[in-house]
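Take a look at this single chain, the form predicted alone, given in structure tokens.
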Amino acid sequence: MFVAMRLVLVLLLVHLGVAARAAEPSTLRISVIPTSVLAPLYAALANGYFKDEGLNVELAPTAGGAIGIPGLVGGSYDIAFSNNVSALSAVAQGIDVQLLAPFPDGAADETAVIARKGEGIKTGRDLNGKVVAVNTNKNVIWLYVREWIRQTGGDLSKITFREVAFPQMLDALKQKQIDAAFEINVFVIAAGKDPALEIVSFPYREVQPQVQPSQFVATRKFIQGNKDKIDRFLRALNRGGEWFDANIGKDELFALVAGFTKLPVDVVRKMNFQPVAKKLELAELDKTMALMKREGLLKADVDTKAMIYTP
């Protein structure tokens, strides 16, 4: 009798231990950078949407989206914030990644070419013989500013492209170390207030009006081994996107973005927030692939359709 009761007690404790482990949230490690386009992710975190799905999300700040994919391969991250050029390059090199979700559309409207005021730089032709700053050569910023220059009369063989970190670009302009810079949102806002600088163009929108430059990505191997976890992540992220859309123009969104970007709320209020894209557009990915082939970043087409994950 005593032995039987002891056995029942042991089995009960084992069952409770298994149940406790089953109730523990699954962890996802995600690479991020401090950009406003990640607001739906932070909204999902702040509002407990990931917790609702039984997920514990760990964020890993990085210097840029191009770093995310090597981190996926090395096992540092499960999901990475990256860009379409890095993803296409990875697939061409045999790294099987898939795009999971798009970001708010406004990001492309806030990325602009900046120049010194009064020096007559209005088109790509005006940049012949000059120096243009990009954050990383042979990646998405570099690709689209080169295409804008080409389309507006510039001769790429006569232009020098120099790698400069986004936070240093405006100072480099003022010190005449460079002649133009392809900058991201907060620095574009700062340039618009600086009497010594002016906004010249918005290459993303001018080259490809519906471009989707940034996405969350993961390896196909990780997705296939964690499909339920990925689908729960996307459900929570979608709720974060719905919150984002509902709060455009409201103090709640400004406060959220100011919190994770460490920017003043007054600067955040000037950002051009637009709704989250409803889906990843295959046609836009194909256009980016065509630009990459023209620039020699790809030797042949990749299967872009297979790159888009469908929950």
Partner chain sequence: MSTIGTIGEISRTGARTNRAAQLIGVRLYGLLLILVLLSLWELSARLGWVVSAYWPPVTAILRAAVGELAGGDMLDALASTLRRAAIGYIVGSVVGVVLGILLGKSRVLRLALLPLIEIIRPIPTPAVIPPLILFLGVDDALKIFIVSLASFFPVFTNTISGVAAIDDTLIQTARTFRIGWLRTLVSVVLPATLPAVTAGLRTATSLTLVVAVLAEMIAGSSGMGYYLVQMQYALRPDLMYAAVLYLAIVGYCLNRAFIVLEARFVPWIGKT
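Residue numbers count along the first chain shown, from 1. Note that the structure is predicted; figures quoted are calculated from it, not measured.
Beyond the structure shown, there is the form predicted together with its partner chain, which is absent from this document and is the topic of what follows.
Here the marked residues G120, T123 and G296 all miss its partner chain in the predicted complex; none has a heavy atom within 4.5 angstroms.
Residue heavy atoms within 4.5 Å of its partner chain in the predicted complex occur in exactly one stretch of 257-265, 239-247, 47-55, 280-288, and that stretch is 257-265. Though its partner chain is absent from this view, in the predicted complex it lies within 4.5 Å of a heavy atom of just one residue from K158, K174, K227, K221, which is K174. Between the options G129, G192, P167, P209, the residue in contact with its partner chain in the predicted complex by a heavy atom within 4.5 angstroms is P167.
Y77 belongs to the set of residues with a heavy atom inside 4.5 Å of its partner chain in the predicted complex. Taking non-hydrogen atoms only, T62 approaches its partner chain to within 4.5 angstroms in the predicted complex. For F103, no non-hydrogen atom is located within 4.5 Å of its partner chain in the predicted complex, even though that partner is not displayed. Within 4.5 Å of any heavy atom of its partner chain in the predicted complex lies no heavy atom of K270. In sequence order, R29, P34 are the residues of 27-54 having a heavy atom within 4.5 Å of its partner chain in the predicted complex; the partner itself is omitted from this view.
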